[in-house]
Structures are given as structure tokens and as C-alpha cells.
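Presented as C-alpha cells, the chain that follows is alone, the form predicted alone.
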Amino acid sequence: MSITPFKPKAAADASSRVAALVSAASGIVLGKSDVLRLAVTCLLAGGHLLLEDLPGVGKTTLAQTLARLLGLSYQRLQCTSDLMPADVIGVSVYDRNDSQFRFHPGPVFTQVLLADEINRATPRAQSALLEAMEERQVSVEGRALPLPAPFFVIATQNPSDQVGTYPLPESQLDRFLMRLSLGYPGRDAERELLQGRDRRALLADLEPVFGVDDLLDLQRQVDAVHVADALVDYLQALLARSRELPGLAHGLSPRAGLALLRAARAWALVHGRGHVLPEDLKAVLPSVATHRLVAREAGVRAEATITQLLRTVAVI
């Protein structure tokens, strides 16, 4: 696929549109502009987002907010222990009038899919999302059915020590471009939340900041963000060093490297640049890499490993 050269002022225009989106979303998801900016970066990069946090901190609200501000169709899939793959993809039902089976699409046929509490679903149900997330299509009775564009999965995950959770397999974790955590709001944001209008009522009043065509255009612009050879050298040095750290069972894969590069391009675009800087890689590295690193033994934290990685690999 040929990549259109970056147009003059395109980066500045993209940055202003993203700033308007983050500003509008910050009126609903209070005090989390940094997380919102990363979530939008994930969307522009064409990836999927995993939100891991305690219940009640705004994960579902974030997904609904982005869908409404972008004018995208939205479906929520509540994951439970009895969820079946057909509940995700859909099911064929026999129509007596036509004497044939008709396919009834499941919630995956949408532009923004919220898979709420994904680690409460069994591995069999979790795997139903794999093809959809990777291929942007699902297979039904020997047919490949395309999903809408854009297709963005936001999955929420409770901490693994909570009752009734199933750990996500590494193959599925790797399908998520980023993993983010909202955390508790700051004191001022929490007070505004407690004294202000209900978030659901505010969501109902939201108007799209820009449309689907604008979003698809921004996603195409990510491909045109320039990456210098020296930046690729730095990325390769980070990947190589991650495979040498003694506390890890294995380091970052080539696919993780592609994910980092894609996220860094989107982050640069969000900040009004048509080229990637080492700082862009550093900014997205924690959210892209932590869920892809597997510790060799208990007690080794991925966050500490990222810090060590950045400290020991010099910018080339």
C-alpha cells in the first residue's frame, strides 16, 4: 500500500482536532487528560485498548464518551462466566417463512465495542474476539464477514486478584495495542464529580466533535508520519535490551516493536509533528510494553523494568 506524503500543516490540524476531542472528553472523565490523550492515540494508531483498574473509576464512561464524541456506533458486551462465543459474534436462526437460516449479528458488529470485565469471561469466550481484533472480520459458517470501519475494542479488566476472574492469555493481551489505568481521581476532580451532574446525563448532551470520515483521515495520516533511520536504531536497541534483562522470561517481540512504532507515530501526530522523536517512543513505551513483558519470577514489576530499559538504553 502506498503512503501519501505528509501534507503541510496536516500535523497542526490533526493536533488541534485531537485537542478539541480531549478537551470535550475531559468534561466527562474528570482529571484524566493524559489517559484520554493516550486512548485517542491508541484509536488513531488503529489499535485496541485494555483498561485495567478497580470497578467504579470511569472505565465504561471513557468508552461511551469517545464513541459519542466521534459519532461512532457503540455496543457494550458484559462479560460473564456463562458468556458463549455466539453471544459475541452472533447466531444463525432458522426462518420458517423463507425456509433458510438467517444470521443475526452479535455486538461485535459495531465501531466501538466495550468488552466490559473481559477477564470474567471464560477463555473460550475471550478467544471469540481474537479474529475480530486482529483481522477486522469474523468467520461465520465458512464465510468471512467484515466488521465496520473503524473498529475499536475497549476492554475493561478487573485486577487479577479479584474473585471470579480468568487471566487473559498472552496471545490475547498481545492484541491490545495499549494497556492503561485510570486510577482514582484527584481531590478537586472527585469533588466536582460528587457535586456535579450525573455523568450519564452529561453523556446524553454530548455532540460529536468530528465525524467518521475525519477519524479515518487521521488514521491514514499516521502512516505518513516520518520515521528516521536513527529512530529505528533506537527502537531496535530497546527491543534487544528487553530480551537481555535477567528478570524477564522473554523480551519484546518484533510485533511489539511494530506496535511501538505505530503508537509513536500516532503520538507524534497528536502533538502536531510530522516526524517521530525519541521522546514519542518513550511516552508510549509503558502503555504499549508492560502487558507484553512476562516476569521470570514473582515480584518483578513490568513498570520497574520499563524504567530500567529507558535508563540503560541511550538515544542513538
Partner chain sequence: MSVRGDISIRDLAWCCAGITLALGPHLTRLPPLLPLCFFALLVWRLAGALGKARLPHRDYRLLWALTQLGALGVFVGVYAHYQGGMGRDAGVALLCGLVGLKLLEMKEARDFYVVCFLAYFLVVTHFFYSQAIVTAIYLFGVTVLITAALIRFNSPASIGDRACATLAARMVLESVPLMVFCFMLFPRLDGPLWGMPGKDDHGVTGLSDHMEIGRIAHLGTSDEVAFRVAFDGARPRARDLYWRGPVLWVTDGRRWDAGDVARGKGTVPVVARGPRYRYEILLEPHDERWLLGLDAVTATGERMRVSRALELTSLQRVKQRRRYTLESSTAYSLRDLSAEERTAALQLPPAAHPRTRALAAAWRAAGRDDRGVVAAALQRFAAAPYGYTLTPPTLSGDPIDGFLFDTRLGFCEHYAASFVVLLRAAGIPARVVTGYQGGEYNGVSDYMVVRQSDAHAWAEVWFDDEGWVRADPTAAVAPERVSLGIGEFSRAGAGIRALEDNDTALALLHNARQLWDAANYQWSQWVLGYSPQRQRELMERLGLGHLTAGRLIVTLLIVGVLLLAGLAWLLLRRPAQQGGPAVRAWHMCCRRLAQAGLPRAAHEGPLEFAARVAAARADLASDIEAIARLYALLRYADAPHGLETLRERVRAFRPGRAARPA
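This one's a predicted model, so the numbers in the text were calculated from it and none came from an experiment. Residue numbers count along the first chain shown, from 1.
Not on display, but discussed next: the form predicted in complex with the partner chain.
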item	value
Partner contact for P55 in the model of the complex: the partner chain, 4.5 angstroms, heavy atom	no
The partner chain contact in the model of the complex: P278, any heavy atom under 4.5 Å	yes
Proximity of A204 to the partner chain in the model of the complex, heavy atoms at 4.5 Å	no
In the model of the complex, A230 touching the partner chain (heavy atom, 4.5 Å)	yes
Residue stretch of 102 to 110, 184 to 192, 222 to 230, 142 to 150 approaching the partner chain in the model of the complex, non-hydrogen atom distance within 4.5 Å	222 to 230
Selected contact from H291, R37, R262, R273, since only one has a non-hydrogen atom within 4.5 angstroms of the partner chain in the model of the complex	R273
